[in-house]
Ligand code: ATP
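First, one chain by itself in structure tokens, the form predicted on its own.
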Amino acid sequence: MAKTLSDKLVALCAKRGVIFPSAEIYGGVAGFYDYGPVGVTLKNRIREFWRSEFIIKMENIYEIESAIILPRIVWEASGHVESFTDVLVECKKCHTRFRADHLIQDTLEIVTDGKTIEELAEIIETNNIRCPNCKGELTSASKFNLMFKTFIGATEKSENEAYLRPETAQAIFLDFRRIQQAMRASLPFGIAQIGRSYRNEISPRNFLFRLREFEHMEIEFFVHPAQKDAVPEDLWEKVKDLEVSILSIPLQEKEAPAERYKATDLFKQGIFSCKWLLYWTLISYDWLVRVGIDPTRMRIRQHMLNERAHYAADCWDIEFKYSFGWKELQGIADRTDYDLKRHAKYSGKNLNIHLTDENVKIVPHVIEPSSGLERIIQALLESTYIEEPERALFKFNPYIAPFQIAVFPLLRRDNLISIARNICDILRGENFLILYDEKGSIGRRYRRVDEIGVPFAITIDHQTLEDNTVTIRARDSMQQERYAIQELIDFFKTHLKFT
């Protein structure tokens, strides 16, 4: 049986120490993965590129790091206790549990986005869907809350009930006033957070796409409710010429394909609820392209009214065509003032802002770009994986690659090894990510670093002893050119910088 792309990625990632199942020696645990030396470096590269573009280079975005466990009342206020659920069915015979919408999609190959529990139950009953494992009868559909429950302290009393966060956003709303006052922030401004989130998924699947533990990268961007179209011209200049594939509600209702739009036309036609929502969607899309995700496999889809979150006035997903279909890569929502008002109500604390120039108090509206880092990694792996007659490789952008330069002495001889080690020290001193290897044939070493996407390899050979030059091999073309050792720093600063 031919291997799927997903099978190939899983195998290669495990083989080369990129990503592999947690507790693997005990059979693994569904929905949890560990990152090896290559994978954690790749993850760090993407994370730091996100921080560079959305925090460091933006004047009014402030980063926080908050607690993972929060008391139940936080999640009551946010609506998660009541509505953060999926629909579950269980086999009466083998007692395997399934997420109802996934079971229907797998069995009937139909889209179930936005379906209610009653509608899902009716589809299962009408089509006599049975357990795919043993053909047993299924129980009635029920709601299953996806949060991991725990208790704070030594006693498991209701007043000590708490949950692992399923997102990083709520802590941002809890810390909103303190950050605003401490940083003397004026609207518009954002609060960003990168951190772990936990969801007790009924049926984790598709490698990194649906996990029980993953990393969120989120920004809550606070704007004046009467100025949601007031995007400064210097920011709009960065996105106004972008052209993207849009799948709006009217197109979905007609079952029509996505259409190409220019950014300026999207604003003029009022397709998005406000200009700030459009800006954050476009700037997020542009960042994903620069990470290395294939733009021909991306589109921007508007949530239908029946699938829109309870807090959203409008919501769009940047979707990627994974090997298993079109799925959400990043979400951007107009959350209005829902969250701040809910937490103000439940906490009894004032979460408005006093605008001295207007002499009024307002509750800001929120635009939220939110993405899961693992989904980005999987989209990147699928976008950059290439099979050629003699090799398989990842063609990562040089500034995202987990290791930037491989250094190889041609032979395991002391005079070549000492020069190779010295070159490693010089390049590490300039903060380049170096992979050193002196074992095996040079051809096999090239293949190994190709497989993990290292863009350049330096080989130290006998000519190096004569003229102080080395060979630089480019991963993509496999072409080799000689450079003097003293030229290496300038060469790599030019070819490996963030763009």
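All residue numbers are counted from 1 along the displayed sequence. Being a predicted model, the structure only gives us computed values, none of them experimental.
One more form of this protein exists, namely the form predicted together with this ligand; it is left out here, but the text below deals with it.
When you look in the model of the complex, the only residue of Arg165, Arg299, Arg375, His365 with a non-hydrogen atom within 4.5 Å of this ligand is Arg375. The contact with this ligand in the model of the complex, taken as any heavy atom within 4.5 Å, belongs to Ser371 out of Gln170, Ser371, Ser284, Ser383. Figure note: of the listed segments 179-187, 346-354, 224-232, 202-210, the one touching this ligand in the model of the complex, with heavy atoms no more than 4.5 Å away, is 202-210. Residue contact check for Arg290: none of its heavy atoms lie within 4.5 Å of this ligand in the model of the complex. Residue contact with this ligand in the model of the complex: Phe214 places a heavy atom within 4.5 Å of it.
With a 4.5 Å cutoff on heavy atoms, Leu329 counts as touching this ligand in the model of the complex.
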